[in-house]
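The data below hold one chain only, encoded as structure tokens and taken in the form predicted on its own.
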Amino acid sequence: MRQSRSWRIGIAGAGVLTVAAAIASAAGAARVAGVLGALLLGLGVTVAVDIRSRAADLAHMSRLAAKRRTEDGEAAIARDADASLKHVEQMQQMERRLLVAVETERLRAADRHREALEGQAETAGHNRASFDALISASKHLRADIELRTKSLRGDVLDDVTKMTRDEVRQVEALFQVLTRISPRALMPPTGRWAIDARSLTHLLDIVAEEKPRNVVELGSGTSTVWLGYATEGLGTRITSFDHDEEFASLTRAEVARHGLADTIDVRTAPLQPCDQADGAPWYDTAVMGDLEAIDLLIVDGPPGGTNHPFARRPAVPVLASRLSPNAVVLLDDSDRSGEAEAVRQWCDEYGFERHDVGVSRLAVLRRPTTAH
């Protein structure tokens, strides 16, 4: 800023001297013009010297600037070289780490391969041992199967013989029944859940002997129809109870089809907890209020499907007061443990005695005072 101002003053002074010299020359003042020309010359010399000085300064400044640029370039080059060197070192470090990782993984793979080979060898040994054990076990199993087969053949033969003998006895019993009764329609089947033919024949023998006036049957079905035919002409009243309404309806239909509805009353009595059997399910006694003077009590229910071993035991405790003095109690399926226990209890607590043991599945209970 100061140098520009000096230059402006110098130029302005030169201009003033030049104008003054020209005026003096024109006015004829030669001395004044000469003085002014000398001043102008001095000013020109001064300016020239200043210009040279300034040029020298500019040249020096240019050299300094060039030197700085050179130094800055070298510093930049040095910085770039340092950065490149650091990058190379980083790449070398990464390469070393990569080589270490690859070598480590190679060693691990070699270890795993060795372990796998050792495991295969061990497994092969176990498999061989297992195979040998399996061969040995199969030999023992074969021997055991042969032994059991021989035993089973004997058991099967015994079972077949027993079943054949039992079927023959059932057929014989059914022939005896049919010689006494002439059904008016196809009779319901015997066996399985229904009373079997031998027990049915035994039942009809007792009916013929006792000639009961009032029969109560717990568990309706095939025996209900046969009882109806066996008591025709005796004036007998038969009351049959069933816990299942659907099954009771089927029995009613059979009774009607054979023309026995006038003497047989089939009632539905749902199962409910009974105090006389420690809460075991038994027939609803609300539909038994009119029962009295029972001459023959046939216990063939509730069925075993109630999943209670003493489901039939309440029969005598509940109906004991309604039995006639010479009443006979019949219990079907007496070969089962629950029924056998019921027979024992009835005999011990109510004074019954068992008769006709082994004749059929029916347990026949009478009081000692009964004369036959």
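Note that this is a predicted model, so its numbers are computed, not measured. A residue's number is simply how far along the shown sequence it sits, counting from 1.
Keep in mind that the form predicted in complex with a small molecule is not shown, yet the notes after this line are about it.
Chemist: Look at the candidate spot formed by A194, G221 and D244 and say whether the small molecule comes within 4.5 Å of a heavy atom in all three of them in the predicted complex.
Modeler: Yes, each of A194, G221 and D244 comes within 4.5 Å of the small molecule in the predicted complex.
Chemist: Would D295 show up as a contact with the small molecule in the predicted complex if we use heavy atoms at 4.5 Å?
Modeler: The answer is no: D295 has no heavy atom within 4.5 Å of the small molecule.
Chemist: Taking the shortest heavy atom distance, is L250 within 4.5 Å of the small molecule in the predicted complex?
Modeler: So L250 counts as contacting the small molecule.
Chemist: Picking from 260-268, 194-202, 132-140, 176-184, which part of the chain touches the small molecule in the predicted complex when contact means heavy atoms within 4.5 Å?
Modeler: Looking at the partner contacts, the answer comes out as 194-202.
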